[in-house]
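A single chain, nothing else alongside it, follows as structure tokens in the form predicted on its own.
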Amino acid sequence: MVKFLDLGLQPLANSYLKKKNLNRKEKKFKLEVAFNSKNYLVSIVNTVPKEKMFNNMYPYKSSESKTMQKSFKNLTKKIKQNFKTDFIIEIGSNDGIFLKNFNKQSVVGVEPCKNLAKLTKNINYTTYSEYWNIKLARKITKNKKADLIYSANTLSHIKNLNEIFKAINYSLSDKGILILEDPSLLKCIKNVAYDQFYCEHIYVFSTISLKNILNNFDLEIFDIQNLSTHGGSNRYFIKKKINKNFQIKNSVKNEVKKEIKFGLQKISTFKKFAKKVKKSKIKLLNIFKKLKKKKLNIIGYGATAKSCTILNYCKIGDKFIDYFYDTTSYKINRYLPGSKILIKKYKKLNKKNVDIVFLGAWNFKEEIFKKEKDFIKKGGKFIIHIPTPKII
């Protein structure tokens, strides 16, 4: 493992603060990112115990985003058309946005965050409020193996990849399909999206690293879709090597070619990326300083885990940003960890009291710009840091 990026001391990205706790010392960890030259895996070095991140107060709900709703709906159609769906397991079922597209008898959710698991249990979807491992896999598939296992933006959060894939291999029928979705390392590095790295994102996968890992469990990728979600993700369709029902498509070869050409197998690529990150920090801070000299009102939009990395690494606090707007009920009237910026309940942007908006939820830019077209028409502007900090 070779360290290539140091993003400084960071708080837990989803540990939003109550006003009464503002003066308490926050727990922080050193956020460093490393490259494994043997399997090409990129991961954070210092991990946080899962119980501190995924508990009964997890704030993110997939169904609160129109972009994610549309993505899950389109995938559901594809699954029903192309695959057997008598028994489906979802690892990281969140608030049930995917589960709800299927018959209650044919799906099982796994969601360790109790507040989210409760939402699907309450409408009679079988949901295990536990962490995914071999013991749970045996319990769920005691009588029948899964035709399909689905996991979106979850496996990159689990430290023990051996345990994950052993449990998947055990649970999946020989003709079954595994579908994984996670942020794309290629997109992350191309876009200088260093905010993909925070306490929950232990790994950001490339196709070449995932292929190497899957190979140890007799699994292989047979198709890949590039997605726009989460700032650029890959959807991997995976099968057991003994399953001859699906041929390996050109999409896999093409993705590997792209990654090799870009250099995701070389440490030098990541060292160049680290230099760009440092430049990005300086440029973003300079933008804020110039705007504050002009005494403009700056607010934030989307108090995301990603924005937590940016704000703490760049040392941007309430001197620069007056407050953040967010739609997530759990975050309202709390403060962003580390930067301690107040989060207010979302209201449509108004040029009368807001001059410029820092786009924390940059990965939902299209959805946000549609929503705020009046603000933009009247001259409202946004600060964005991807792929380079600028005002748009």
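Heads up: residue numbers just count along the shown sequence, starting at 1. Model, not experiment: these values are computed from the prediction.
Keep in mind that the form predicted in complex with a small molecule is not shown, yet the notes after this line are about it.
- At least one heavy atom of Thr327 is located within 4.5 Å of the small molecule in the model of the complex.
- By the criterion of a heavy atom within 4.5 Å, Glu26 is excluded from the residues contacting the small molecule in the model of the complex.
- Using a 4.5 angstroms limit between non-hydrogen atoms, Gly176 is distant from the small molecule in the model of the complex.
- When contacts are judged by a 4.5 Å heavy atom cut-off, Ile368 counts as touching the small molecule in the model of the complex.
- This chain lacks the partner; the member of Asn94, Ser171, Thr304, Asn312 within 4.5 angstroms of the small molecule in the model of the complex by a non-hydrogen atom is Thr304.
- Residue in contact with the small molecule in the model of the complex (any heavy atom within 4.5 Å), chosen from Val357, Ala361, Ile44, Ile341: Ala361.
- Proximity to the small molecule in the model of the complex holds for none of Lys187, Lys211 and Phe270, with the criterion being a heavy atom within 4.5 Å.
- Comparing 319-327, 30-38, 46-54, 333-341 against the small molecule in the model of the complex, the single stretch with non-hydrogen atoms within 4.5 angstroms of it is 319-327.
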